[in-house]
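Starting off, we have a lone chain in the form predicted alone, written out as structure tokens.
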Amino acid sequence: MKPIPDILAVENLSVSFRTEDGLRHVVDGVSMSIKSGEAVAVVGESGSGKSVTMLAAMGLLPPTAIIKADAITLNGEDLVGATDTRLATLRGTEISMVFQNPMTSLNPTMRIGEQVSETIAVHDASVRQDTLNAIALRLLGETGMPNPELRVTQFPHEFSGGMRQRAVIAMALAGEPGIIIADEPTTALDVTVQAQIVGVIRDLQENHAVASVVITHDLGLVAELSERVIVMYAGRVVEETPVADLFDAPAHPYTRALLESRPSSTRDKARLASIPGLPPSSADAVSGCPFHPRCEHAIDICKTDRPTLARFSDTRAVACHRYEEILKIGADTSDAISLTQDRKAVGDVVLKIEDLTKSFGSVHAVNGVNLELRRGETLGLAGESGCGKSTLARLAMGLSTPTTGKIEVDGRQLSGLKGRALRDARRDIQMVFQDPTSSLDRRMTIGAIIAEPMQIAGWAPKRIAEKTAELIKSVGLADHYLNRRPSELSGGQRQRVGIARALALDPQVVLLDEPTSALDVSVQAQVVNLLDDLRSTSDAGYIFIAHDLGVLRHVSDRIAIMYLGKLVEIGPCEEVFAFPRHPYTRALLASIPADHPKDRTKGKFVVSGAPPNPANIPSGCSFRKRCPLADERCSAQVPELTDVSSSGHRVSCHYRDDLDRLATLATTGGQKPRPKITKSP
């Protein structure tokens, strides 16, 4: 059998950056190869060198970068020393890239159709405009763009995040390259949109003769899309393996730790095995194995001798002195500590929301929500972007005034309060924001940030100092962090400070708005474990807002699903996950990336399209235009939120009791098949 040729190969690549503090080594001696038509994932925490390696291969790093390599070959051509003109010729036609933030990849002054076909026009000026228009229309259709005839004429600001990502993928396909690199292509997307983009990339892999490299820290995405995985740490490749072996028998302690850091949507709740400490700031900052300061299996040789990447089978390689022992351990987490016995019993109602609405002109961001939260309880709140989750949190905090309805915190009416009365009431309800960088004053020390709420409340200095010391310890940070500023902390550390500040006044209710969405899986595990610890010692009620349903299942006692400003399903977490009774909930759960490659399923129900314009909500059930079960009744009658069990499980769907029809959504799918992606003639 003729061997499959390498389409991209990198040999002994090193990359350093000139900084004010001297050279910073980011990639150190990386070698890897991608074969034609192969699906590869490059995995690792932020700063591991994943993106820099691929950008170096494409010649896209800034002038501050110093790049050294024995060879960088694309289709057999060595690009080391290639001119900018030659590299520009190859980009788009031989190799292309889908960047992490699609908005920064799109020109806000150009129509989408022009941008999709621009690659072709730049490389071949003889192509007629009508042909370019037809190609743009075809590519947008093949990537699942709704109503492509309209979208080719629109501008990026008129697109949702998922539509922009589709447009960028279409741009990458336009020149018919042999390899496409996708850098964190689903990071900022809702779970439903992420599932749609996964489907687009999978179609690209299967129906287009193209190799794909997905750069990610999301192991669910790895399970869904890759055949082979390259794991990077501190600028080096530490493991290379087929995807199934990665999940069944990781050979490097770092790989194993990443796997154990994941919250699962199917496993029993257990304490996550977070990785202690942080990655080194530079590839040469640690002697010996760069992972040894964080590795529970490290021995003396790991501290002095740097392991080389060595092949131990035809398909696997690892850089670890103790890989044989790690292989025997496998990925078993049966000894993980169960959390079910540690959950405190819930108490009386601490937050009560009645008939709450918030309108912005004709847009009803929150539309008739009724909700109760009890002491010691965590309520998970899920739904796509724009469904009203964050608006509901801002209303509960008193940061926005309701149009109608009532909000009570610990028996005190919050609605209508102003000035000092509102500030006093806010002491009982605090918020942890999504982006800790923007929510912490960069001019203040960490100690001053945590102490500020207590100073405003008029606490005595001695009491403030004692409480500040207690809080910094409770979130797992040492005392010396109190004298640092936010810029000196990592993302996970900043989020810990945000949590400490929110807990300063011993609130009755804590609202957490996507507190882990921007974090690496290992840092996310640390924050989730921290919240588990805090909840076991606190009587506060928690509302945890997230689009990551694996995280929500891990932290929640109950879960509520929102769609276009309304609750469509709410109930005990395990019951909702096991027996979802609303088609939208089923779509969200079906959109969760696989826990293992064997769990990939093509027939699962992935909801199509995006939510309708909130200024023009459909009559009847607001989900009906995306629901395969919808009929005339759904368009004429708004379903009520109705009990379906004695446990408080409530659902707003006309077919909540038609279990046979609901069951079909898990197997037959709810969307029309997309055209296959094919090479143009």
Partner chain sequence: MLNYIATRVIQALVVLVLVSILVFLIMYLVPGDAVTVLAGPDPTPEVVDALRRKLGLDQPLPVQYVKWALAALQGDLGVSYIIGRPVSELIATRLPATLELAFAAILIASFFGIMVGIVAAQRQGTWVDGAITAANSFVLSIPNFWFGILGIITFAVWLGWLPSGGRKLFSEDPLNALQYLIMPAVALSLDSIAMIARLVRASVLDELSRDYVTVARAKGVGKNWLMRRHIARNAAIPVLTVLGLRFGQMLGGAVLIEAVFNWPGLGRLTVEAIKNRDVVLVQGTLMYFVVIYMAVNLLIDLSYGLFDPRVRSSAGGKV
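Computed from a prediction, not measured in an experiment: that's the story for all the values here. Residue numbers count along the first chain shown, from 1.
The same protein has a further form, the form predicted together with the partner chain, not shown here; the description that follows concerns it.
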property	result
The partner chain contact in the model of the complex: Gln115, any heavy atom under 4.5 Å	yes
Contact flag, Arg91 vs the partner chain in the model of the complex, heavy atom cut 4.5 Å	yes
Exercise: Thr109 in contact with the partner chain in the model of the complex, heavy atom 4.5 Å	yes
Contact of Val122 with the partner chain in the model of the complex (heavy atom, 4.5 Å)	yes
In the model of the complex, the one of Cys627, Ala65, Met58, Val644 near the partner chain [non-hydrogen atom within 4.5 angstroms]	Met58
Listed residue (Ser487, Thr537, Thr104, Ser126) with a non-hydrogen atom within 4.5 angstroms of the partner chain in the model of the complex	Thr104
In the model of the complex, segment of 450 to 458, 150 to 158, 201 to 209, 68 to 76 with a heavy atom within 4.5 Å of the partner chain	150 to 158
Contact at Ile95, Phe99 and Met171 by the partner chain in the model of the complex, all three, heavy atom at most 4.5 Å	yes
